[in-house]
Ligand code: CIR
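Next up is one chain by itself, shown in C-alpha coordinates, the form predicted alone.
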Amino acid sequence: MFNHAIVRKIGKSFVNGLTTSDLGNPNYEKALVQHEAYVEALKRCSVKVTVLESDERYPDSTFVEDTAVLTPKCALVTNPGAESRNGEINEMKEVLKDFYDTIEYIQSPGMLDGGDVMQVEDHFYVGLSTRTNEAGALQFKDIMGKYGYGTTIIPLKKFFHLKTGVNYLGDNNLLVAGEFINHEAFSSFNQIIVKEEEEYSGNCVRMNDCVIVPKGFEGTKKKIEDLGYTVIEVEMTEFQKQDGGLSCLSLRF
(Lines give C-alpha, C1' and ligand atoms only; values in the text may rest on other atoms or scores of the structure.)
Protein backbone atom coordinates (compact mmCIF):
# COMPACT_ATOMS: atom_id res chain seq x y z
CA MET A 1 0.00 0.00 0.00
CA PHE A 2 1.14 3.52 -0.84
CA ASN A 3 0.28 6.44 1.43
CA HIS A 4 2.25 9.29 -0.12
CA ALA A 5 3.45 10.62 -3.45
CA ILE A 6 5.79 13.50 -4.28
CA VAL A 7 5.49 15.43 -7.53
CA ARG A 8 7.01 18.64 -8.88
CA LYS A 9 5.22 21.26 -10.93
CA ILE A 10 6.47 21.93 -14.45
CA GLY A 11 8.60 24.98 -15.10
CA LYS A 12 8.53 26.92 -18.35
CA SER A 13 12.04 25.60 -18.99
CA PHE A 14 10.50 22.11 -19.35
CA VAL A 15 10.24 22.62 -23.10
CA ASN A 16 14.06 22.83 -23.25
CA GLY A 17 14.70 19.58 -21.37
CA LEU A 18 16.68 16.56 -22.49
CA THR A 19 15.07 14.27 -25.03
CA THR A 20 15.85 11.57 -27.57
CA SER A 21 12.25 11.09 -28.74
CA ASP A 22 12.24 13.17 -31.96
CA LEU A 23 8.53 13.83 -31.36
CA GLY A 24 8.73 17.61 -31.48
CA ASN A 25 8.65 20.28 -28.81
CA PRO A 26 6.19 19.89 -25.95
CA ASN A 27 3.36 22.39 -25.51
CA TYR A 28 3.87 23.97 -22.09
CA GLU A 29 0.22 24.86 -21.46
CA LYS A 30 -0.95 21.41 -22.49
CA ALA A 31 1.71 19.81 -20.29
CA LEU A 32 0.41 21.79 -17.31
CA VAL A 33 -3.08 20.42 -17.85
CA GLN A 34 -1.77 16.88 -18.21
CA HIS A 35 0.31 17.20 -15.05
CA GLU A 36 -2.69 18.43 -13.06
CA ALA A 37 -4.68 15.44 -14.29
CA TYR A 38 -1.83 13.16 -13.23
CA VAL A 39 -1.90 14.59 -9.70
CA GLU A 40 -5.66 14.09 -9.55
CA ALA A 41 -5.20 10.48 -10.65
CA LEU A 42 -2.77 9.90 -7.78
CA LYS A 43 -5.28 11.39 -5.34
CA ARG A 44 -7.95 9.01 -6.65
CA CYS A 45 -5.66 6.19 -5.55
CA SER A 46 -6.01 7.31 -1.91
CA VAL A 47 -2.56 8.83 -1.41
CA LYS A 48 -1.56 12.21 -0.02
CA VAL A 49 0.30 14.14 -2.71
CA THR A 50 3.11 16.56 -1.83
CA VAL A 51 3.42 19.06 -4.69
CA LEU A 52 6.81 20.79 -4.97
CA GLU A 53 7.14 24.11 -6.75
CA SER A 54 8.72 24.19 -10.20
CA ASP A 55 12.44 24.78 -10.50
CA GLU A 56 13.37 26.67 -13.65
CA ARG A 57 17.06 25.82 -13.15
CA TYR A 58 16.35 22.20 -14.01
CA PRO A 59 14.12 21.68 -17.08
CA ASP A 60 13.70 17.95 -16.36
CA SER A 61 13.01 18.28 -12.65
CA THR A 62 9.33 17.39 -12.96
CA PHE A 63 10.62 13.82 -13.48
CA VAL A 64 11.21 13.42 -9.74
CA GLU A 65 11.42 9.62 -9.85
CA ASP A 66 15.03 9.82 -11.01
CA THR A 67 16.19 11.61 -7.85
CA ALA A 68 15.40 8.93 -5.26
CA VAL A 69 14.32 5.38 -4.50
CA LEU A 70 11.89 5.13 -1.58
CA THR A 71 11.28 1.96 0.43
CA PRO A 72 9.53 1.20 3.73
CA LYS A 73 12.96 0.85 5.37
CA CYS A 74 14.95 3.75 3.95
CA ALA A 75 15.18 6.45 1.32
CA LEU A 76 18.03 6.44 -1.17
CA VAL A 77 19.06 9.64 -2.94
CA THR A 78 20.43 8.86 -6.37
CA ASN A 79 23.22 10.41 -8.41
CA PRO A 80 21.54 11.10 -11.78
CA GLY A 81 23.52 10.18 -14.85
CA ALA A 82 22.79 13.39 -16.78
CA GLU A 83 25.08 16.16 -15.52
CA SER A 84 22.40 18.79 -16.10
CA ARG A 85 20.08 16.97 -13.69
CA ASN A 86 22.49 16.26 -10.87
CA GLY A 87 21.62 19.37 -8.90
CA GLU A 88 18.01 18.20 -8.57
CA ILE A 89 18.97 15.91 -5.70
CA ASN A 90 19.98 18.81 -3.42
CA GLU A 91 16.43 19.94 -2.67
CA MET A 92 15.10 16.39 -2.72
CA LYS A 93 17.46 15.49 0.13
CA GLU A 94 15.77 18.13 2.27
CA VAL A 95 12.25 17.15 1.23
CA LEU A 96 12.84 13.51 2.15
CA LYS A 97 13.95 14.45 5.67
CA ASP A 98 10.28 15.22 6.39
CA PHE A 99 9.41 11.59 5.68
CA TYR A 100 12.50 9.50 6.49
CA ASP A 101 14.94 9.19 9.36
CA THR A 102 17.26 6.96 7.34
CA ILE A 103 18.58 8.32 4.03
CA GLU A 104 21.29 6.65 1.95
CA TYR A 105 23.23 8.13 -0.98
CA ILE A 106 24.80 6.99 -4.24
CA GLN A 107 28.30 8.47 -4.51
CA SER A 108 30.33 9.37 -7.60
CA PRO A 109 31.64 7.83 -9.76
CA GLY A 110 28.46 5.79 -9.33
CA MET A 111 25.49 7.02 -11.36
CA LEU A 112 21.89 5.94 -10.80
CA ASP A 113 18.54 7.14 -12.13
CA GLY A 114 15.42 6.09 -10.24
CA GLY A 115 13.79 5.22 -13.55
CA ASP A 116 16.22 2.32 -13.80
CA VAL A 117 15.03 0.80 -10.51
CA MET A 118 11.99 -1.48 -10.17
CA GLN A 119 10.94 -2.93 -6.83
CA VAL A 120 9.14 -6.27 -6.62
CA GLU A 121 8.28 -6.99 -3.00
CA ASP A 122 11.70 -7.46 -1.28
CA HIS A 123 13.72 -7.53 -4.50
CA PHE A 124 15.00 -4.84 -6.83
CA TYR A 125 15.83 -4.93 -10.52
CA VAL A 126 18.32 -2.29 -11.66
CA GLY A 127 18.97 -1.50 -15.31
CA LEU A 128 22.36 -0.49 -16.67
CA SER A 129 21.63 2.35 -19.07
CA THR A 130 23.14 5.59 -20.33
CA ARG A 131 22.04 7.10 -16.98
CA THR A 132 22.93 4.26 -14.59
CA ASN A 133 26.40 2.73 -14.57
CA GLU A 134 27.73 -0.44 -12.99
CA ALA A 135 29.36 1.46 -10.11
CA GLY A 136 26.02 3.01 -9.21
CA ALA A 137 24.15 -0.27 -9.52
CA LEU A 138 26.66 -2.09 -7.32
CA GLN A 139 26.48 0.63 -4.69
CA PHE A 140 22.71 0.31 -4.76
CA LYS A 141 22.95 -3.46 -4.34
CA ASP A 142 25.26 -3.12 -1.35
CA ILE A 143 23.13 -0.46 0.32
CA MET A 144 19.85 -2.30 -0.11
CA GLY A 145 21.43 -5.53 1.03
CA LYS A 146 21.84 -3.96 4.47
CA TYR A 147 18.06 -3.73 4.70
CA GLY A 148 17.36 -7.27 3.53
CA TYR A 149 16.60 -6.45 -0.11
CA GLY A 150 18.02 -8.46 -3.01
CA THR A 151 19.09 -6.88 -6.30
CA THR A 152 19.36 -8.15 -9.87
CA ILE A 153 21.33 -5.99 -12.31
CA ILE A 154 20.17 -6.03 -15.93
CA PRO A 155 22.07 -4.43 -18.85
CA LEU A 156 19.74 -2.61 -21.25
CA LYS A 157 20.06 -3.00 -24.98
CA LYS A 158 17.56 -0.45 -26.26
CA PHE A 159 15.31 1.16 -23.68
CA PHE A 160 16.10 4.53 -22.14
CA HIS A 161 15.35 3.35 -18.59
CA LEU A 162 14.51 -0.07 -17.16
CA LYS A 163 10.96 0.98 -16.34
CA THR A 164 10.46 2.29 -19.86
CA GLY A 165 9.67 -1.29 -20.77
CA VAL A 166 8.95 -3.32 -17.62
CA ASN A 167 6.71 -2.53 -14.65
CA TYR A 168 5.38 -4.62 -11.79
CA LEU A 169 1.62 -4.55 -11.31
CA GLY A 170 1.55 -6.71 -8.19
CA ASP A 171 0.11 -10.23 -7.80
CA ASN A 172 3.08 -11.61 -9.81
CA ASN A 173 1.86 -9.73 -12.90
CA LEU A 174 4.57 -7.99 -14.91
CA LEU A 175 4.00 -5.63 -17.82
CA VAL A 176 6.75 -6.22 -20.39
CA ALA A 177 7.64 -4.65 -23.73
CA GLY A 178 10.42 -4.92 -26.30
CA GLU A 179 13.67 -6.41 -25.06
CA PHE A 180 12.07 -7.59 -21.81
CA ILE A 181 9.57 -9.95 -23.43
CA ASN A 182 10.63 -13.47 -22.38
CA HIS A 183 13.71 -12.06 -20.65
CA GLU A 184 15.30 -14.72 -18.45
CA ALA A 185 15.37 -12.42 -15.41
CA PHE A 186 11.57 -12.26 -15.46
CA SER A 187 10.73 -15.88 -16.29
CA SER A 188 8.93 -16.49 -12.99
CA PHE A 189 6.34 -13.76 -13.60
CA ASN A 190 3.02 -13.79 -15.37
CA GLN A 191 4.06 -11.58 -18.29
CA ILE A 192 1.55 -9.17 -19.81
CA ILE A 193 3.05 -8.46 -23.20
CA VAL A 194 2.82 -4.97 -24.67
CA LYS A 195 2.60 -4.86 -28.45
CA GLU A 196 5.37 -3.04 -30.31
CA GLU A 197 3.00 -0.34 -31.58
CA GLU A 198 1.92 0.36 -27.99
CA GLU A 199 5.40 0.19 -26.48
CA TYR A 200 5.08 3.51 -24.66
CA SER A 201 2.32 2.01 -22.51
CA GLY A 202 4.83 -0.43 -21.03
CA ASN A 203 5.30 2.22 -18.36
CA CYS A 204 2.25 2.08 -16.09
CA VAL A 205 1.90 2.71 -12.36
CA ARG A 206 0.20 0.40 -9.86
CA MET A 207 -1.14 2.55 -7.05
CA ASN A 208 -3.02 0.66 -4.35
CA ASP A 209 -6.22 -0.64 -5.97
CA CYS A 210 -5.68 1.06 -9.33
CA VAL A 211 -3.32 1.04 -12.29
CA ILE A 212 -2.63 4.39 -13.93
CA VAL A 213 -2.03 3.99 -17.67
CA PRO A 214 -1.22 6.44 -20.49
CA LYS A 215 -4.27 7.30 -22.56
CA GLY A 216 -4.62 6.03 -26.09
CA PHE A 217 -3.30 2.47 -25.81
CA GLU A 218 -6.41 0.35 -25.86
CA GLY A 219 -4.67 -3.02 -26.21
CA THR A 220 -2.60 -2.58 -23.07
CA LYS A 221 -5.53 -1.06 -21.19
CA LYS A 222 -7.75 -4.06 -21.96
CA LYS A 223 -5.09 -6.57 -20.89
CA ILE A 224 -4.75 -4.84 -17.53
CA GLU A 225 -8.51 -4.59 -17.07
CA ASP A 226 -8.87 -8.27 -17.92
CA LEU A 227 -6.65 -9.03 -14.91
CA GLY A 228 -9.24 -7.36 -12.69
CA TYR A 229 -7.50 -4.03 -12.07
CA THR A 230 -9.27 -0.69 -12.02
CA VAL A 231 -7.64 1.46 -14.69
CA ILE A 232 -7.21 5.23 -14.67
CA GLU A 233 -6.13 6.80 -17.95
CA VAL A 234 -3.98 9.94 -18.09
CA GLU A 235 -2.97 11.87 -21.21
CA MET A 236 0.83 11.84 -21.50
CA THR A 237 1.62 13.18 -24.98
CA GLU A 238 3.73 16.16 -23.85
CA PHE A 239 5.81 14.10 -21.44
CA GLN A 240 6.39 11.39 -24.03
CA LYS A 241 8.08 14.07 -26.16
CA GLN A 242 10.61 14.52 -23.33
CA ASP A 243 11.31 10.80 -22.81
CA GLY A 244 9.03 10.78 -19.77
CA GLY A 245 6.58 8.09 -18.68
CA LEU A 246 3.94 7.86 -15.97
CA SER A 247 6.26 6.57 -13.28
CA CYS A 248 8.79 9.35 -13.96
CA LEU A 249 6.45 12.02 -12.62
CA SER A 250 6.22 10.88 -9.01
CA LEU A 251 7.94 9.29 -6.06
CA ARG A 252 5.53 6.85 -4.39
CA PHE A 253 5.85 5.41 -0.88
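Predicted, not measured: the structure shown is a model, and the values here were computed from it. In this text, residue numbers run from 1 along the sequence as written.
One more form of this protein exists, namely the form predicted together with the ligand; it is left out here, but the text below deals with it.
A.B. asks: If we take heavy atoms and a 4.5 Å cut-off, which stretch out of 240-248, 5-13, 21-29, 226-234 is in contact with the ligand in the predicted bound form?
C.D. replies: In the other structure, the partner sits against 240-248.
A.B. asks: Test of understanding: in the predicted bound form, would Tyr168 fall inside 4.5 Å of the ligand by heavy atoms?
C.D. replies: No - in the predicted bound form, heavy atoms of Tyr168 and the ligand never come within 4.5 Å of each other.
A.B. asks: Quick one: does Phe160 come within 4.5 Å of the ligand in the predicted bound form, counting heavy atoms only?
C.D. replies: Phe160: yes, in contact with the ligand in the predicted bound form.
A.B. asks: May I ask you to check whether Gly136 falls inside a 4.5 Å heavy atom distance of the ligand in the predicted bound form?
C.D. replies: Result no; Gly136 lies far from the ligand in the predicted bound form.
A.B. asks: Decide whether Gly127 counts as a contact residue for the ligand in the predicted bound form under a heavy atom distance cut-off of 4.5 Å.
C.D. replies: Close contact is absent here: in the predicted bound form, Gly127 is far from the ligand, nothing within 4.5 Å, heavy atoms only.
A.B. asks: Which of the residues spanning 55-80 lie within 4.5 Å of the ligand in the predicted bound form, based on heavy atoms?
C.D. replies: Result: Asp60, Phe63, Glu65, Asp66.
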